[in-house]
Structures are given as structure tokens and as C-alpha cells.
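To begin, one chain is listed below as C-alpha cells, in the form predicted alone.
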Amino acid sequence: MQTVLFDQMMLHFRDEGPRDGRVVMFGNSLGTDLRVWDLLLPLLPQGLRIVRFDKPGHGLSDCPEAPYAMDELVRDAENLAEHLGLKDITFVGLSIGGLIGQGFAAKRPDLVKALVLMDTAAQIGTNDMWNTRVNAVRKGGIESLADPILERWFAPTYRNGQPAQMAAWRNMLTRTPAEGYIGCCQAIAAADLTESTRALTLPVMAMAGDQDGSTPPALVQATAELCNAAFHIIEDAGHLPCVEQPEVVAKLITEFLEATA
């Protein structure tokens, strides 16, 4: 178990692979922990240094009192990179992890050299939408929203064909501390990275599941166009294509790594 304290908050992470390998850093989605990448990682090229972490209020990391700010979440990624002595980072961000990646790349171009945006955008949803979700979680817990969230996360093929896996994903979601989930919702609600993402000059690749109900392909494509990113649609996938279509996602990331070597 690998942990570090930043401003009296414990951040849980995994740092795997050769110390001199090319660094690929992963930021996961709202309501998931770093295990969301488990199926994808074995399909990536050998020799990479893989770093992934649990956001505050998720996985094994501490759960500070809400609200959280996107700048704080970006600072956690920045602090972890500096703590581990990482450089020339390719950051792969899923959903809120993609917002963190955009913010990190804009703030620290000396550290982040390439960016993969997966089912994310420069601005996700509206304040009213996120406030409604926060109020629902406060009233009935995450369990009260689990069914519609899982429908946005996964395409029908996966939902209907993987009952044991669906039970596990539901557990991961509903066992996320409500305070951590709410804090990250509030960080997303206040985040509009349009201008800083438009100013990015590093190589970027974006992708979206064709059946994503959280960040639909058109929203992801609009962000890709902001920063001149290549854009790919992943067929038969929802919000977590790294889970539903890991082979397709791994191939795209591998090609991107080769192109940006």
C-alpha cells in the first residue's frame, strides 16, 4: 500500500513499473477508485511506469469535508508527481479525472507532455444539475441514484451480460463516501476550463463511448476541437470504455504513446 500526506490529507496511490520507464499517470472518474484501470493496464506496452491515485473522498484516500475545488484536485496530482519525481508525463484522465488532467497540463507544462481525455470535457453539466445531484445524495445517499448512474456508465450489452461485474461496480459506487462524492460534484460544478484547455499546445487525444450518458460524444468532441485533439468514438461503450472495451482503448493509447514518443 502506497500513501503520502499532503496538507494533512492522506492520498492513496500505486506507482508500478520501472523507475526509468515512460510515465503514464491515470486519473479516474467520479464514484470509482483506481481499480477502474485494472483491465486496461495489462494491455498497454511493457516497460511503462504506471501511476494512479484515489481522489480525495474515493478509494482509500482520506475524505475531507466538502466542498472541494478543482484547483485542489489538480494540486493533488501535481504534488504526487513532484513527490515521485515524475517528468514527461502522459496523463490519462477519465471524467473528472479528465478535468484534473486538463488543469494539470495547463498549470504544469514542464511536467505534462501529452494528454488523453476519456469521456470528459472542459465543462461538464450545469450548476443546477450538480446541485440537484448533491441534494439527492444528501437526502437519500448514493444508493438512491445508483441505477441511473450505472445506466450512464455502461452500455446495455455490458449491463445485461455481466451481472457479477455490475454488482461489483454498484458496490464501488455506493460505498464511495457521500461527502467525497458530494465534494467532487461541487468541484465539477464550478469548473469551466474552456479557456485554459483552448490554450493547450501539447499533444492531446480524446475518446468517448458511443453510449455515454454522462459526457455524450458530441460534448467530448467539442472539447477535442478546442485543443486540436484527435477524437475517437468507442463503440458499444458507455462512460467507462476502459472497462467495457479495454482492448480498443489500449490500442488507441498505445498508438498515441508511439506517436508522441
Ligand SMILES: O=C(O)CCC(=O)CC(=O)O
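These numbers were taken from a predicted model, which means no experiment stands behind them. Residue numbers here begin at 1 and follow the sequence given.
Below, we refer to the form predicted in complex with this ligand, which is not included among the displayed structures.
Contact check at 4.5 Å (heavy atoms) against this ligand in the model of the complex: all three of W153, Y181 and H239 pass.
Partner contact region in the model of the complex: 95-103, out of 108-116, 160-168, 76-84, 95-103, criterion any non-hydrogen atom within 4.5 Å of this ligand. A heavy atom within 4.5 Å of this ligand in the model of the complex is found for one listed residue only; from L30, A229, V51, L34, this is L30. Although the partner is absent here, I149 lies within 4.5 Å of this ligand in the model of the complex, judged by heavy atoms. In the model of the complex, no heavy atom of I89 sits within 4.5 Å of this ligand.
Put simply, A191 is far from this ligand in the model of the complex: not one heavy atom of it is within 4.5 Å. S214 belongs to the set of residues with a heavy atom inside 4.5 Å of this ligand in the model of the complex. Contacts between stretch 133-147 and this ligand, counted in the model of the complex as any heavy atom lying within 4.5 Å, involve R133 alone.
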